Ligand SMILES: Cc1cc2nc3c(=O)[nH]c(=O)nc-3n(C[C@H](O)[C@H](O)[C@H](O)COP(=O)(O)OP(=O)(O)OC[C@H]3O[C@@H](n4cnc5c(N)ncnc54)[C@H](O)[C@@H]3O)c2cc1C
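What follows is one chain in structure tokens, specifically the form predicted on its own.
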């Protein structure tokens, strides 16, 4: 089904801001790519719930735009509806849930780094492994974000999603399967997540957080226009062990390889950067394809993208 128009009655009665033909590519960390036919910014859970239900009933595709740190939007843009959960309601973080100081709830639009910093300040350990990983809480949960120091699954207590009817379904920790960059959550909007943290010395937590930041700063091109790791670390079919995608890219002599303004970082092979603001998403997509082909030819290992690519397909 085509995207509803801005004055379509499908959303006219809801507490929502409507942005037709919105340049979502510019809201990603790459700052390239096309427009969304329509972006919606709901202000309440009730409005979000009704949007989800109506889109499913009308068979209108629905996507969630988080922080844009792990996203590449194709130059032709995307159809359907793009949701942006950045209203203050969806960025709230609640502490001391049910009288338990170690239990917090973060709405899906909450900033992961701000949330992590606040928990460290309060002497609550369990999220400091997320230092230096830009994401909304919902995006981090969806891909089980993490790195060498741990992943968000380490502290997840429960996750709430909206089903096709727009109703809230809560998945407790024991129902969740959160593996390397994947979860068993349904393809549905995440509403909030709770985290069970631990009482720790704030000074020790701050030092640990600083160590992780410094490690990332030394090894990754954090100042460049990038979306973090472009590829997942694959499993070597010969050994069954996970290997570094950056190492495979380096061994294939791909550091510095460029197409248009897109380039494989000289600092870390698994980071693709835009050298100037004049590049196109097509440059990055073509470079991703070249990397996959040449790594496969060099090592026999197939790379899978970690960065999410949105197009009209």
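This one's a predicted model, so the numbers in the text were calculated from it and none came from an experiment. Positions refer to the first chain, counted from 1.
Omitted from view is the form predicted in complex with the ligand, to which the following refers.
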Within 4.5 Å of the ligand in the predicted bound form by heavy atoms, the stretch out of 180-188, 98-106, 235-243, 202-210 is 180-188
Using the partner position in the predicted bound form, report whether residue 134 sits within 4.5 Å of the ligand, counting heavy atoms only. yes
Close approach of residue 117 to the ligand in the predicted bound form, 4.5 Å, heavy atom: no
Is residue 78 a contact residue for the ligand in the predicted bound form, using a 4.5 Å heavy atom cut-off? no
Quick one: is residue 194 in contact with the ligand in the predicted bound form, heavy atoms, 4.5 Å cut-off? no
Considering 74, 156, 124, 143, which brings a non-hydrogen atom within 4.5 Å of the ligand in the predicted bound form? 143
With the partner omitted here, the residue among 31, 64, 252, 60 that in the predicted bound form has a heavy atom within 4.5 Å of the ligand is 64
Taking the ligand in the predicted bound form and a 4.5 Å non-hydrogen atom cutoff, the residues of 67-84 making contact are 67, 68, 69, 70, 71
